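We begin with a single chain expressed as structure tokens, specifically the form predicted alone.
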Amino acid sequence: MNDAPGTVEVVARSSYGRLLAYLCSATRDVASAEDALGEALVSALASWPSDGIPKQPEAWLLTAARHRLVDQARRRRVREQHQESLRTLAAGSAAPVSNSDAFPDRRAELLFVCAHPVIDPALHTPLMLQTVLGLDAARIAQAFLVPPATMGQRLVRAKRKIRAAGIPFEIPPPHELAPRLEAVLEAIYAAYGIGSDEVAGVDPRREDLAGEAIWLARVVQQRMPDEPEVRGLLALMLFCDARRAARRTPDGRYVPLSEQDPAAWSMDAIREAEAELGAAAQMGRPGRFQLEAAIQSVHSERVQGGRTDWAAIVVFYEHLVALAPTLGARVAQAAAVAVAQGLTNGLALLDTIDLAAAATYQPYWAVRAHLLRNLGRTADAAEAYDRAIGLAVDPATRQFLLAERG
């Protein structure tokens, strides 16, 4: 008996973004392409158990979805508005795709469609997470701390705007590139962050998301090899992903970076990250992701030398905070200063952060608790630990903090 449901799930998870991007590149109608692909997946679940799994499951789904898009357009009583789409889709659906390499990867274009200026900037990342990576509205809502129904409505409106505005399905021209590229890279990095949390055990159903984010960065890098920040982002994620196996003990306990065994880090990922970062640096246009990757590169030097150059890390953080003073960068800077220049200096830098802005930011309270404890301020440390523990989402991180608090 064939495992048709399992095959459908595997193909859906591995190829959803590529299939959807190709489908909606002709119609510029993301919502209709999603519906058609969803119907094709349902049809596969119904027919593959009895008919057998096709030799090219991805191609089967693409052909079935294209037929459904043609049917959708015909059912609308506005056929004159869809003649070009119908001609394109009908021509393609007449002959089945022979294999999964026979249609181009349009995910990079779909990413830039989602980052178009007519779409609310707050929805750029959520829209990319849903259309390109296949996350559902509930999971995206959880990541962005809004009700699922609210996020679902916002995403529907954004897809309608893509169709109504007739946004070109293309990499934008040079004069429009910079702001949209920034939005695309932010979305990919957000996906990696969510995936890293899920690898840690928050949601094992999506534990492949970090890998998919790295793959998306490769897609964009291949299309835009002369953009240093694309290479910087890819390098950053590769450096972080190289340490994936060392973040947990065999029984699932959290291991902080300072206590990880470098022998467990992936040298292949580190070498690739160094190559990408070096190529980006040669372009002479430093940016946020390159600086973050450079910090991770210094951490990775422990593999060979067994030590960390904290003075260099502090310098990189100074440049990073000057360029992009995000809350995360400032907290990490304070932690680095505490190691390189003393606990008191690190705490003083942490104290410059607006407490209201950091009220719900778990890393702020974890770093604060650690510094206060090592300074002997036990009561203040306990209070900070309680805040950090209450904000921790990952059970292993929570257990680590509870042990630290004592």
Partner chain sequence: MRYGFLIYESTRDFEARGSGPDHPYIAAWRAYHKALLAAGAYVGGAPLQDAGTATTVGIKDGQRRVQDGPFAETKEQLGGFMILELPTIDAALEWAARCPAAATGAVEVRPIDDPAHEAIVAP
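Just so it is clear, the model here is predicted, and its values are computed rather than measured. Numbering follows the first chain given and starts at 1.
Quick note: we don't show the form predicted together with its partner chain, though the next part is all about it.
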{"item": "Its partner chain contact at Val393 in the model of the complex, heavy atom, 4.5 Å", "value": "yes"}
{"item": "In the model of the complex, Ala12 touching its partner chain (heavy atom, 4.5 Å)", "value": "no"}
{"item": "Close approach of Arg302 to its partner chain in the model of the complex, 4.5 Å, heavy atom", "value": "no"}
{"item": "Arg223, heavy atom within 4.5 angstroms of its partner chain in the model of the complex", "value": "no"}
{"item": "Option touching its partner chain, based on a heavy atom within 4.5 Å in the model of the complex, out of Pro104, Pro168, Pro147, Pro117", "value": "Pro147"}
{"item": "Contact residue in the model of the complex, chosen from Arg180, Arg154, Lys161, Arg248 - any heavy atom within 4.5 Å of its partner chain", "value": "Arg154"}
{"item": "Contacts with its partner chain in the model of the complex - residues in 357-384 whose heavy atoms fall within 4.5 Å", "value": "Thr360, Glu383"}
{"item": "Change in CA distance between Glu383 and Gln142 in the model of the complex, which is 3 Å or more, as closer or farther", "value": "farther"}
{"item": "Direction of C-alpha distance change in the model of the complex, Ala143 to Gly252 (at least 3 Å)", "value": "closer"}
